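Form predicted alone, single chain, as structure tokens, below.
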């Protein structure tokens, strides 16, 4: 058997029972999987701290101690007294405490598990090296379940330097897989497999990028010889991970850019000009630049795959319409797919206005479209009389057939599954993929865009339409609540509307912040009917309920909309001038920014009021301060990534990342990512197919199953 492919159960210290847990809890099946399961941090075990110098709640500490006394405790918390020479009745023992001293002070060790083993090992008078997290209980310094190594008089065997700490789970810990056991298993995996580990990067890459070899990196990431060796190992493994990721994304992009299988759209016909000349406002420089980029893509004969990023209200819909008119001028249909019915309806209303001067036909298809309406729409799509269709998931149904789909525009694409989106591309008549424009109002940090959308070309609209007023953002605590309600009354008296957003639907015992149900009752008390009308929207409602309540607010029949963050994306109510966000410290920056973007869409001055609890964490205070200091979504998105990491950011969970990152961090390793992408691009410029002899290792790596997911480039 190849060393790296040893089943995890055959490693010393594992066995069938633990192997099942390694598979279910960590996704680790083989020795090679285990080698790539890296420590998430390291503790320095090069020094021994006197007990008198230990303070509680430091991360970890190591000390030397002599066992003075052992005590066993029963379930009723009374001490279990054993007569000399009698066997210990471990079945009634629930806890053991051990008092140790090093001459400078005393420490109590506490054990709830493995008591028999610890009791027999920790004999009075014996010296040990202990390692763990100190804390205070009942005024005494103690340590629960420390690691321990026996010491002779001058024997410091086992005293390491940098020691890796691995992420674990309750089930693994309960099965006895402690940090110490994990390190023993890892050592066994390295002993068995390291000699047969094959290098993944070509020799010239190691040389040009100054990287250590893979065997050195794998050993020193788990058992660092010293800090310098750990840094070398860490850099090598991070670069490898990001480089191979970027190589896989760019290779797909390079292949596509060289393939002449796109639909050429060389003409700009009269409809485009009629629409352009009748736009009631001047396009921003950003919009003009993006339209030019899209125009070049569509005339090239290659398939366009472009990501359009633009902050809330930056004018992406106008760009989408003009792109669809380029397709129409060349005899092709377009579709715009939105994640919600409300957003689809909103797009359709705007698009109808823009298309009016052209005479071209458009339609709206959603889950609530009537049968007769659907029949007419289906016929129009099949005979080509419908130029542009706006819709939700309903566009993906098998009976929706286009005559000649040439452009697919996806709004907020992370809300659609890959398989769903791929159905659209199968609707083209001649097998050639449609041009693809992905739009998002969620500002994406540069490193995330390079990774999640690494195979797409990117356009950014980074300026707002002229005349759009900035939203005044302020923060208020509980003491200002009634002043906030009075402010909303004043705005309603001026004919405006207000959003009030809550983070939760139902009360959670663990969370002390306001929930939607109690909040709604409070708003109704403050704004009784008549004269006020309050609508409510949340994720537990049916689509019909949601649409009814949302429509009441959008059409001005309700003064206030109480909601969860379901209204975060896309809702356009120009008359709404106030956004109140309850428990705002509980939201991430990107989400707060999206919510704020729901107001300030009309000509009136608008306000965002961030309500906060009395106890704000340092991070929460920092987020609120940032929100009040800038309206730049990209600045806030970068900060959000640094503070929360990519996994928590809206939408990133489903974005089609080719591999799961094991060691690199998109929040912290932006420089390595940029370097890896540039370097991958240089290699592919010379050898797009990685066919050169020196690139065979790279070709082999990219052929592995983790890179062989669906071709995301055609379904983004």
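What you see is a predicted model; the values in this text were computed from it and never measured. Positions refer to the first chain, counted from 1.
The same protein has a further form, the form predicted together with a small molecule, not shown here; the description that follows concerns it.
With the small molecule left out of view, the stretch that reaches within 4.5 Å of it through heavy atoms in the model of the complex is, among 246-254, 393-401, 316-324, 222-230, 316-324. Contact between residue 312 and the small molecule in the model of the complex is found at the 4.5 Å heavy atom cutoff. Not displayed here, the small molecule is kept clear of residue 204 by more than 4.5 Å at the level of heavy atoms in the model of the complex. At a distance threshold of 4.5 angstroms between non-hydrogen atoms, residue 345 is out of contact with the small molecule in the model of the complex.
Of the heavy atoms in residue 549, none are within 4.5 Å of the small molecule in the model of the complex. In summary, among the residues 482, 281, 112, 117, the only one with a non-hydrogen atom within 4.5 Å of the small molecule in the model of the complex is 281.
Of the residues 466, 176, 359, 331, just one reaches the small molecule in the model of the complex with a heavy atom at 4.5 Å or closer; this is 466.
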